[in-house]
Ligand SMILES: Nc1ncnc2c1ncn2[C@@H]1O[C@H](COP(=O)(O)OP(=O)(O)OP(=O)(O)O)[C@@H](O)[C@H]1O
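The chain that follows stands alone, in the form predicted alone, written as structure tokens.
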């Protein structure tokens, strides 16, 4: 296994508080790496830094050994990385199908409305919707979907990006068990395809079920890392994360 994503002494501060505090971690290619920690430990801030939605104040980030000195969201496709958000970001007034087509064709939602989509693009989008069990909803506006269906559509948009690295920021939050199982199966399939997954999650059963490696953060620092079963039994983790 080789490191596909690395941080070295990474720093991000808000009002003098280090949300990410000299953090050095390695993400191995082809694995599912869990990212856990108490609320406010810096997990989402780290995801924002890795995807360019926040700029780091110090330290370095490396993708495949190459340093990205300034990370911007519009360059993520070049570096083969995409992400989901805690707050779902869809085009609510566009159809479910068009929400996928805008990813695999024209990357502008307004131009996409006027683009003539080939049979190939439509077939590709429909295949993705079948994977996330939304094919029957393809002509509905995204805003009409239930919360769980919107989560599935957001993941469908991630599938359409077809990147090597995917950052999932709490994709299971607030979902019923049936939808959780569907997303677990999708993430397992992505791993089988050789994708590298970083998963922010609070549910330890999901972490144990999916993750090959676990990183625990606390107050912006690396608290522990290793195989999930081992890390989750460490006293320092139990004290910081589980409150024992």
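Keep in mind the model is a prediction, meaning the values are calculated, not measured. Numbering follows the first chain given and starts at 1.
Just so it is clear, the following notes concern the form predicted in complex with this ligand, a form of the same protein that is not shown.
> Counting only non-hydrogen atoms and a 4.5 Å threshold, tell me whether 39, 45 and 202 all contact this ligand in the predicted bound form.
Per the other structure, all of 39, 45 and 202 touch this ligand.
> Based on heavy atom distances of at most 4.5 Å to this ligand in the predicted bound form, which listed stretch, 204 to 212, 31 to 39, 60 to 68, 183 to 191, is the contact stretch?
In short, 31 to 39.
> Just one of 72, 141, 123, 86 has a heavy atom within 4.5 angstroms of this ligand in the predicted bound form, so which one?
The residue in contact is 86.
> Hey, in the predicted bound form, does residue 98 get a heavy atom within 4.5 angstroms of this ligand?
No, residue 98 is distant from the partner.
> Using a 4.5 angstroms cut-off on non-hydrogen atoms, would residue 170 count as touching this ligand in the predicted bound form?
Because a heavy atom of residue 170 falls inside 4.5 Å of this ligand in the predicted bound form, the answer is yes.
> Though only this chain appears here, would residue 236 touch this ligand in the predicted bound form if you measure heavy atom gaps against 4.5 Å?
The answer is no: residue 236 has no heavy atom within 4.5 Å of this ligand.
> Counting only non-hydrogen atoms and a 4.5 angstroms cut-off, does residue 10 reach this ligand in the predicted bound form?
Contact check for residue 10: no, nothing within 4.5 Å of this ligand in the predicted bound form.
> Taking this ligand in the predicted bound form, which residues along 8 to 26 bring a heavy atom to within 4.5 Å of it?
Those in contact are 14, 17, 19.
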